[in-house]
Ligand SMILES: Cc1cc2nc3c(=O)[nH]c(=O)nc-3n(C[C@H](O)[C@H](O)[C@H](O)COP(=O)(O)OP(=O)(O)OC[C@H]3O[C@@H](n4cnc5c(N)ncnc54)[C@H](O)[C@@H]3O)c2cc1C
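Below, in structure tokens: the form predicted alone, a single chain.
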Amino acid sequence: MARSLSIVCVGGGPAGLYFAISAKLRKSDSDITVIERNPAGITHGWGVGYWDDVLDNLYRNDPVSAREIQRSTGVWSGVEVHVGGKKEAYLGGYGLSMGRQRLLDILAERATDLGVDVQFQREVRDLSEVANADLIVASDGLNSRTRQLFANHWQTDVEVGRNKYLWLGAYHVFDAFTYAFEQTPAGWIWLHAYYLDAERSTCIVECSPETWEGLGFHTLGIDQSIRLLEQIFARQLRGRALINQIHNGERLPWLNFRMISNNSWYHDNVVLVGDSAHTTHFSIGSGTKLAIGDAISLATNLAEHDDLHSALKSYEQQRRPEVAAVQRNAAKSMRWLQDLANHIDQDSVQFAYALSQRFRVRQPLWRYHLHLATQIAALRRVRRTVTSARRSRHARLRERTADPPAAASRQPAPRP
């Protein structure tokens, strides 16, 4: 930013908070406010998943918050695929995940230390409330009220998924990312389960609308629904309880996924970031990656351009290709799962491979043979050992080569 700006972020999720951090690191005298309607320490969400490339980006941008995030991050090793009573199948790889609330706490504390004014329990109902800001960052998520104020300009496109899904937690820690497909008299229903913290996991339940209605979830109360899901997935949960965050209302909050895209990402002095600008289906776990990428790109462009319009235009041009590619993959994944009945009637090893390739281009034959080898316990252990060693080496290199913006190493701003 050639000159100091007054910036208001409407929404205190990862995109808004991390943009505020990134902008402060580049121009410390900018006046930045983050406004979040929820109280501090309260979020409607479970875990967030990502991979090493996100941590790499975090370390390059701000090692201070990156180290705190890494300390709270859990690693899941490999992917397990359970299909009814068939023998489980295995996929390689690993991923990272942590509790969404812990992530927000880290980012809010870091932003405050850098001099950002983080305001909780305040809702912006009209942009006239923040009219004095040079820049308004719409970081208020999927249902962004800020985006809706200029609906005609953004030309928002919404693709509504067919399947029903539900976010829950579980008092069982899944060491591997786990897909659990169970056949019921009403059809198939499945879990996407992964690490949340030392005592819990995130569980996303998904099924077709026919299965959802056939199992009675459209009429069952909250407690009845939870008990039924615990019975269906008793083997994977090892008899432990599912956790529901939302207790108001008569039914569990089942949703249909909405894939959001926008023809334009900025209008006058208002710009979209994170889920306000774009969403990706939960089955590919890229929401956090895109939010962090948006935040860093927007802050960098504001620092490099004298003119606000030029900065916003450059931000959109830089981010749109990456986001579009991820959204294409997410759409393929969502549609593949909607068409599950046409894929699942095969042995579990073949099905697991098809699941792993659902949004990828044709892979070389050696990858299929590696998949077959992974089903052998001894070879699977070797693969995990090699993967773990590579991950540890990468983490050490990342710490040594972290190259933050010039302002990242300065002391936190004094608290008022």
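All residue numbers refer to positions in the sequence shown, first residue = 1. Given the structure is predicted, the values throughout are model-derived calculations rather than measurements.
The protein also exists as the form predicted together with this ligand; that form is not presented, and the subsequent description refers to it.
Annotated contact segment (heavy atom within 4.5 Å of this ligand in the predicted bound form): 163 to 171, selected among 109 to 117, 236 to 244, 261 to 269, 163 to 171. Looking at residue 55, you'd find every heavy atom of it more than 4.5 angstroms from this ligand in the predicted bound form. Contact check for residue 10: a heavy atom falls within 4.5 Å of this ligand in the predicted bound form. When this ligand is considered in the predicted bound form, residue 344 lies well away from it, no heavy atom lying within 4.5 Å. The closest non-hydrogen atom of residue 36 lies within 4.5 Å of this ligand in the predicted bound form.
With the partner omitted here, the residue from 149, 204, 222, 228 that has a non-hydrogen atom within 4.5 angstroms of this ligand in the predicted bound form is 204.
Among 124, 136, 79, 252, the residue placing a heavy atom within 4.5 Å of this ligand in the predicted bound form is 124.
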